[in-house]
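One chain comes next, on its own, written as structure tokens: the form predicted alone.
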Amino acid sequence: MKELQSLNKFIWKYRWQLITGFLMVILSNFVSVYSITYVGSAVNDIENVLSRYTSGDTGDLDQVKKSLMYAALLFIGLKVVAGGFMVGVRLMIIATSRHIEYDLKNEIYKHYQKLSLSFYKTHKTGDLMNRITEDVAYVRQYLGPGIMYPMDLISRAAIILVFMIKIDPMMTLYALGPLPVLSFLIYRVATIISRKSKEVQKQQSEISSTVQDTFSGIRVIKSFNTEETTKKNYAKEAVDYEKKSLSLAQTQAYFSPLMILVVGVSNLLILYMGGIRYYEGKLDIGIIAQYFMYLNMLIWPFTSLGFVTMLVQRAEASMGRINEFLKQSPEIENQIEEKTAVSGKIEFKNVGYTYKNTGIEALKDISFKLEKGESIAIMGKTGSGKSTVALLLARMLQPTKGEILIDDIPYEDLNLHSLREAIGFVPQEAFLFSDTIKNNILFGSISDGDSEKAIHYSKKAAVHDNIAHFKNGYETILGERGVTLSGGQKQRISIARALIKEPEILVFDDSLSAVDTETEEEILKNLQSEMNQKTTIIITHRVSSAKNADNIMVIDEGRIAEYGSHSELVAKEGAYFNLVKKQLSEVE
């Protein structure tokens, strides 16, 4: 249960609810056990009546009937009281497990938000989803039934043991003697369950990842006509899960027969030894009846040990998988709690970056400076490191060499949220949420629900006319990742979403690649007034997008190959000039 120790903070948070539940368990069990004494008295009264009838002495039958009725009513009444306490137990403990589930899911989700991009590049989305859903569900079961049933067993066994020893220590020894054997068997089987539970949980994540990849890439699957291959791959994972789950179920199936066997042996010993002691006159028959009821009261708590062991082992395996992520620290953390103002001056000083997962050195000694309101276009071949500049600026990545200054301050000394709030970032791959077009544009804007503002910036991004022709206009619901739109429409909505923030810094990461040149010119013309007021970085392959920038930086294999204005670089007749000639010839 080592991994489950990380839940102690939640248990401490709800300690009073759990303590109240535990007290109710004790009271419920005490009342239930105490009620059995009336059963013993009733059985003894019946024996006395039978003895009198046998000897011909009818005695006062009415008095005997009253005694039996009194014992029956007390027994039923005490059982009702015990049931009421048990309802309180469930309200305290099971409800608390739901509160802890809520807190744990929020903690995991919050931690996911903090983790760096490199984490998401090495972990599958399906696996992340499985840990916050399936794994948390198994942990909750441990916190509910997994705590309640052991409490019930311990308190009930302790109370029954006191009553039994008080009545007859020798009979108690015979009745409970087989139970240590049961404990040993449970321990051995639980070890196997722990190992198999981890295997099942791991395979469950594999299935979730496979399904998530399939549904996300359904268009590619259909276009390549690989539905059958995809189904075979899924079936292979499902068969593996089935085998591991069946193996776990078979192991768990041993518990109930073990319980029944051990409890059955205990019942036989009570019957045998009780009969002998009754025959010798050392024991009343009512006491034997009480022992049978005491032992039967222990059947479910001890039987539940198998169920509880399964819950604990599954929860331990699940919490281990959750802790694996919770223990990972984000590469980039906010060190400054106070909000910091950002005006937009940018400077890269000998910045280098190497991707940890691949070892590729994306940038080498990159240096440039932008005053507030200036613009720079970054050009280069695919894989030259252009997008890495944008990710470093937004602190999605941390430089492995050199430093980045914002307003002459190392950007590690700025509030991380203030920095990102000051940047309007249009990524290379436009991502839209499964929501309305209006909400996608307003995403991240402080003026939620401002339709006029959404329309204003949609016009600047040259996408308003497209949206207006949709049946539901700005209230059109987009499919997952904006699948119902064209690539160009998604890019332009992403541009509107960045502009509506009214940031101090604009970053366009090849965000006009999917639009035609005519639309591109319209967008750039509309954005000119925005770009004159904000510091702008344009990452592009097109000379048409770059030529109006104050400066152009050409990157080749992570290094700056050329730097200057459009006219300066054309006059040099270098790499940029060759791009201009090539694209002019393509247009002709």
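For every residue, the number given is its place in the sequence shown, counted from 1. Since this is a predicted model, take the numbers as computed values, not measurements.
If you look for the form predicted in complex with a small molecule, you will not find it shown, but the lines that follow are about it.
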Looking at heavy atoms inside 4.5 Å, which stretch does the small molecule contact in the predicted bound form, given the options 452 to 460, 387 to 395, 125 to 133, 93 to 101? 387 to 395
Is the gap between Gly487 and the small molecule in the predicted bound form 4.5 Å or less for some heavy atom pair? no
Is it the case that Lys381, even though its partner is missing from this view, gets within 4.5 Å of the small molecule in the predicted bound form, heavy atoms only? yes
Could you confirm whether His541 comes within 4.5 Å of the small molecule in the predicted bound form, counting heavy atoms only? yes
Given that the small molecule is not shown alongside this chain, does Thr358 nevertheless sit within 4.5 Å of it in the predicted bound form, heavy atom to heavy atom? yes
Residue among Gln328, Gln428, Thr436, Ser247 with a heavy atom within 4.5 Å of the small molecule in the predicted bound form: Gln428
Scan Lys369, Lys121, Arg188, Lys114 and let me know which has any heavy atom within 4.5 Å of the small molecule in the predicted bound form. Lys121
